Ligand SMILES: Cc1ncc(COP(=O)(O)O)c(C=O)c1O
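Only one chain is shown below, in structure tokens, and it's the form predicted alone.
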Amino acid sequence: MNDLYDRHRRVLPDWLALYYDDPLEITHGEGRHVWDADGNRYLDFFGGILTTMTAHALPELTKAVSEQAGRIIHSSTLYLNRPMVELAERIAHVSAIPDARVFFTTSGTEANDTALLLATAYRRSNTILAMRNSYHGRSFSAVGITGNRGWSPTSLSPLQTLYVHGGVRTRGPYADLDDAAFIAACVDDLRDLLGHTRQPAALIAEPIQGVGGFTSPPDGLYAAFREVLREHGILWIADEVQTGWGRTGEHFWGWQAHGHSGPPDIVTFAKGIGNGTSIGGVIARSEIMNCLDANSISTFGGTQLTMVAGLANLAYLLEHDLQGNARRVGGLLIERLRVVAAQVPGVREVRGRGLMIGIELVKPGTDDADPQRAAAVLEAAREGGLLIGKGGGHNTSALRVAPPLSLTVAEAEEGAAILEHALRSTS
């Protein structure tokens, strides 16, 4: 393994981060488990950054991909593509967006880029509203609207970005307010901001902030924002790259937690829909999607191989009610972790929905982030046979727990026990 790590460092960028002091090579997986190059088995509670949504080596998906590879792998969007049309039809149907159009990309970053292109072209404005502590990808335009300093390496941008309060419930100037007052204060802040700037094209927001540590506002905030945005003709882009497809349990899309204001104007998606194959995309009302007055294609977006994977994965998700499983098993897991947190020093909060759970760590007796402890828990969990992630806007002090949605109750209990030991052994 050290040889592979040395080779990695010689040919790949220094900023390409790796987890663990002794980096891990994952060689194969099955169900909710993966194995490393030394034959060690791990319970996977991170799924390749929320990407393995249903299961590792899902037979229905691998069969569909294998059969498609034997026919044709790729032809580009310059030709009719039956799997792409079929997946677009199914996604348009479940989107709740009227007269929806779907454009496929290869990643969430590219999906958000496309959404920004559509919004700015449609509104004839390059001003974007974004949430503090947010993350939307690693491209030049996406880092320009990312409100998390740890993931935004440059202040240069083709966009003018204005940051709005509300993405983090328990920190910031409104943290001590109750939910209703919190929402009212954030809405007042948005109204005040709009009074001091040229009219923005759109607000882009993650219903639950992923890289930000699985933080979220009270339910109803984005519905309240939507009323203000409508007064000004400003579009709402929901970044569902991490929250979509039922991961939050209670809803199929994260935006649905925010009342009955109707669907967003634009939804972006990626990660889980491909279950490891490279699928991203944008859903938008037809007049927005069709507003571009120049030609555009995608060489690899919508390629046949990934589209059959998406079709098989989505069918499995719906047929086996994995959203319901995320609600049931995720609810048990969150409560189990909250019991643990109440007994372990330095756990500030256990938060989340369904199988999207954040554990924020602080230095005991303070409200100060503890990134060193987070790194230590990550290592200890691995030693115990569990893979988790980390994130957060305060020096990466939040642990991220996001298993495949097919997680069983027994596996949830096993993972919670390992995580409990990791938290106790590092306190």
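Since this is a predicted model, take the numbers as computed values, not measurements. All residue numbers refer to positions in the sequence shown, first residue = 1.
The form predicted in complex with the ligand exists for this protein as well; it is not shown, and the discussion that follows is about that form.
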Location of the ligand contact in the model of the complex, chosen stretch of 206-214, 283-291, 95-103, 328-336 [non-hydrogen atom, 4.5 Å]:
206-214
Picking from Pro264, Gly310, Gly244, Gly108, the single residue whose non-hydrogen atoms come within 4.5 angstroms of the ligand in the model of the complex is Gly108
With heavy atoms only and a cut-off of 4.5 Å, decide whether Tyr222 touches the ligand in the model of the complex.
no
Decide whether Tyr135 counts as a contact residue for the ligand in the model of the complex under a heavy atom distance cut-off of 4.5 Å.
yes
Any chance Thr248 has a heavy atom within 4.5 Å of the ligand in the model of the complex?
no
Given that the partner is absent here, does Asn275 sit within 4.5 Å of the ligand in the model of the complex, heavy atoms only?
no
